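Take a look at this one chain, the form predicted on its own, written out in structure tokens.
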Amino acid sequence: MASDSTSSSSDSAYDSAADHNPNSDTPINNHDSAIDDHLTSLTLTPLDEDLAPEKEREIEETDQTPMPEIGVTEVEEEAADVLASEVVVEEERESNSVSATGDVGLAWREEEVEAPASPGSSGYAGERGSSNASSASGIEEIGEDQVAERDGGLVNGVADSQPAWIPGKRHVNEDDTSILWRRRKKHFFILSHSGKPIYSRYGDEHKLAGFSATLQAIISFVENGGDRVKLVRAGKHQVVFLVKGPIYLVCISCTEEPYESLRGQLELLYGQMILILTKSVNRCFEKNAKFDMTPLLGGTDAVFSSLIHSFSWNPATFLHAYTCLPLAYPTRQAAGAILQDVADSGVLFAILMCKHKVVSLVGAEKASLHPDDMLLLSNFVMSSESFRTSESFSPICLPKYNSMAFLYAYVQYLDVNTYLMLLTTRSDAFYHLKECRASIEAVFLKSNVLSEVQRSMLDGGMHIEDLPVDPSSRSGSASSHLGQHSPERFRDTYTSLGGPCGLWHFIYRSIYLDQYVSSEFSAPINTPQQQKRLYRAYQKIYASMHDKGFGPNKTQFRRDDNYVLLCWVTQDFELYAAFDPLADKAMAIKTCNRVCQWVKDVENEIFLLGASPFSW
């Protein structure tokens, strides 16, 4: 229904797209001694991770029962009693906003904290009694991703080290009365403003109608008082709410992720729904408040399940940037040249991807593509089996580009992992795009682009063991290439697992390019559980660095029993690095300077340069 009402206006809707603002290429500056200069003026300030920004409306709930059992007929009465007697709602002040201007001094925040509890140490029934009681019942605590794990697949760092994902919904026989369902560590729900369930990560939506009505009643009760509920804390659990017109999204989690991360995940979940239906679906609710949207999303459980799974391993979900497949600069230029020819023939976007990594990307003049749209689009393609079996032409919506109208995507897999996406505003462009794909594929085969892509998949990207020597001691004539194992690699008296000076992993984000690169995982972070734990640590420090209540901050040094985390934010880049928990601060800072120089040396191979910057 929604597609018929919007697809006819696609051409006109996209003619008014916002223009992007191209800027000249900004090279990555050498900051070899920048952090060292700040050491003389460090200010130690305590970090309270439980402190929420003043502008957030938060519900503090004293009841320790994670999920109260409330019947459908008792929903309104129970919600009113709980909110009136045990909940304090901070009045929403929509007119107030945090000023982004003003002088912010450098604050170096160092904290020595105990290691947080493992995500596997608590469940929905975890606060009802001791662990012995749980064991006696014969029920083990259920992790957030109960899937089979791959052993040893480390060829592609973050992506290929994640637990093997099982497509589709799992545990469909569970409902809110099931103990196993209550012990799931992270739930996602989508429901309408009338309380009808639309999607649930676990269990059958129809069996969760009563629970969805409870969530709707809580939201409506607070809104009737002129406020908006955003967060409920109940013991170790967080209940995060996101209201998008007639669509309500809720996350219930005890994974200790920051509120900002969980809210961002709900935003992406909503964006994935808009990519399938467009925002025009709101008109259906205007005509019928009890409209059932579930049939429109039939067969898309695997898409939402895949996106939720990526919240546990893909840095793009919180960095709001995309990553490129490492390639030699001439190879990437050759791929971009043929895609540019296609874009000049009327294609809005031409994207060549290998799994979730971009090989080349070209857009038409004045067309901008948000990294979140690329994340949702690639997830939609990779999680839909139909795209792998034959060439496809499907209507899709890019939420950040134009949430009210459809584009049309031609998708064709060129090999098992590499696929081409051609996006247009024309619904009758299938045969034209088919011809474009044939010409592109012929050029790729002739220029060996696809074989180079497959080789890069096997070789991987940046390995911390290959971190070059100190640039000041390196010969000026020496050149650095990704994967080149020079005898002049760094050899320090301090050696340990991982890279030099105890470096275990890093993520580098280019602010100007909206791209990031992460090192490959290696010992001692070589299991999916360890990688997920590090990913969660990155989430927390990212949220802390961008917390409006504290910052923005420029540097942060954090030590606990698991890692030393060092974060450095400048106008050009953001660097997040994980070290051995016994790493020396001065050596960690020096190593981060070397990482920045290394990224600059190989930027032509790890970033997509020369393309129009995407602004929004």
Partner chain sequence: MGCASSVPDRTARGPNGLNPGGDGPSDAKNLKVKLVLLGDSGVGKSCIVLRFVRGQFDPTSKVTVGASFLSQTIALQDSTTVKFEIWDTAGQERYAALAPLYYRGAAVAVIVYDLTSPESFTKAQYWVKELQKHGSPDIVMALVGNKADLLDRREIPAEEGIEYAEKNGMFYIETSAKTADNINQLFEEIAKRLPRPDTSQ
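Residue numbers count along the first chain shown, from 1. As the structure is a computational prediction, the values presented were derived from the model and not from experiment.
The discussion below concerns the form predicted in complex with the partner chain, not included here.
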- [ ] Verify the flagged residues Leu277, Glu385 and Ser392 against the partner chain in the predicted bound form: is each one within 4.5 Å by a non-hydrogen atom?
- [x] yes
Task: Lys434 within 4.5 Å of the partner chain in the predicted bound form, heavy atoms - done: yes
- [ ] Examine Ser427 and determine whether its closest non-hydrogen atom to the partner chain in the predicted bound form is within 4.5 angstroms.
- [x] yes
TODO: Verify the contact flag for Pro330: yes if a non-hydrogen atom of it lies within 4.5 Å of a non-hydrogen atom of the partner chain in the predicted bound form, no if not.
DONE: no
Task: Touches the partner chain in the predicted bound form: Tyr270 (any heavy atom, 4.5 Å) - done: no
Open item on the list: Quick check on this chain: which one of Cys284, Ala537, Val172, Ile511 has a heavy atom within 4.5 Å of the partner chain in the predicted bound form?
Closed with: Cys284
Open item on the list: To verify the annotation, which of these, Trp504, Phe318, Phe444, Tyr408, has a non-hydrogen atom within 4.5 Å of the partner chain in the predicted bound form?
Closed with: Tyr408
- [ ] Could you tell me which stretch in 523 to 531, 307 to 315, 193 to 201, 290 to 298 has residues with non-hydrogen atoms within 4.5 Å of the partner chain in the predicted bound form?
- [x] 290 to 298
